[in-house]
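Just one chain is shown here, as structure tokens, and it is the form predicted alone.
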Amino acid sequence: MTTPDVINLTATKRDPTFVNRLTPAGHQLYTCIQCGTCTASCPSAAAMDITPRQMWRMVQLGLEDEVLHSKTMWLCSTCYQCQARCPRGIPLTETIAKLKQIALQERIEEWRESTAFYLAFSDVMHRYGRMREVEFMARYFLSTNPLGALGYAGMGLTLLRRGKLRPELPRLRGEGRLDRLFDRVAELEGRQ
């Protein structure tokens, strides 16, 4: 979905309560001065359909559908650069996580591959406390396009040959170590 440069606010459905549902930032987003520091700090901004600055303005205006159907939040790498440099101290990265949560709850399928990537990554990290690439890629491709994995077979064989990829999945001593952390986050977000 490409967002036009000009949005007719009189003809667009707006939800004035949208910004208030975005804890932890909520009302703090109203203090955004549209300086553009978030966009300038974002390493993924060039690939986004709307810039982070534009997205925060759309959130302020209650343009929920446009925000939740954009791919911007799914391209966020949670590097915290925008949040660290925000002159207003707005918790932008946590707010993007909340946007993702709302999109998942509302089953928005606009960016299915990005959503599947995010969920597979989170699940593997939750289970093991570290990344297990083989399982991560298997989960991702099984949830999107299993035949798409064939395009990565050459790279996988090269990594295997160079000893960078292990075909066996050894049990890690750290399994379940992040359970308390993930459970606490789910509790704080009201998902338990």
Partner chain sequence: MNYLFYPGCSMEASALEYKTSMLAVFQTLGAEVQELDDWTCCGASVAPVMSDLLGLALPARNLALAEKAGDGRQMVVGCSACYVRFQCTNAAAADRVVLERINLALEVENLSYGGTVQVRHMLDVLANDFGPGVIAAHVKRPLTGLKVAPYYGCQTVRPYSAFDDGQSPFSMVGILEALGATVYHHLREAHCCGTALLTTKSDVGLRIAGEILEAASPADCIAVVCPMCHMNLDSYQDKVSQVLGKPVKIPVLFLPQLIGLAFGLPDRALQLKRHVISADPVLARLAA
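Treat the numbers as computed from the prediction; the structure is a model and nothing was measured. Here, rigid core means the biggest group of C-alpha atoms that superpose within 1.5 Å across both forms. Residue numbers count along the first chain shown, from 1.
The following text describes the form predicted in complex with its partner chain, which does not appear among the structures shown.
**Q** Is S44 a contact residue for its partner chain in the predicted complex, using a 4.5 Å heavy atom cut-off?
**A** Answer yes; at least one heavy atom of S44 falls within 4.5 Å of its partner chain in the predicted complex.
**Q** Considering only heavy atoms, tell me if R180 and its partner chain come within 4.5 Å of each other in the predicted complex.
**A** Answer yes; at least one heavy atom of R180 falls within 4.5 Å of its partner chain in the predicted complex.
**Q** Quick one: is E113 in contact with its partner chain in the predicted complex, heavy atoms, 4.5 Å cut-off?
**A** Within the cut-off, so yes.
**Q** Answer with yes or no whether G26 is in contact with its partner chain in the predicted complex, where contact means some heavy atom within 4.5 Å.
**A** The answer is no: G26 has no heavy atom within 4.5 Å of its partner chain.
**Q** Taking T17, T51 and I90 together, does each of them reach its partner chain in the predicted complex with some heavy atom inside 4.5 Å?
**A** Contact check failed for every one of T17, T51 and I90.
**Q** Counting only heavy atoms, which residues in 78 to 106 are within 4.5 Å of its partner chain in the predicted complex?
**A** T78, C79, Y80, Q81, Q83, A84, R85, E94, A97, K98, K100, Q101, L104, Q105 sit within 4.5 Å of the partner.
**Q** Compare the position of the CA of S77 between this form and the one not shown after a rigid core fit and state whether the shift reaches 2 Å.
**A** Result for S77: no, shift under 2 Å.
**Q** Honestly, after the rigid core fit, is L61 moving at least 2 Å at Cα between this form and the one not shown?
**A** False for L61: its C-alpha shift is below 2 Å.
**Q** After superposition on the rigid core, does the Cα atom of S122 shift by at least 2 Å between this form and the one not shown?
**A** Where the cores coincide, S122 still shows a C-alpha shift between this form and the one not shown that is 2 Å or more.
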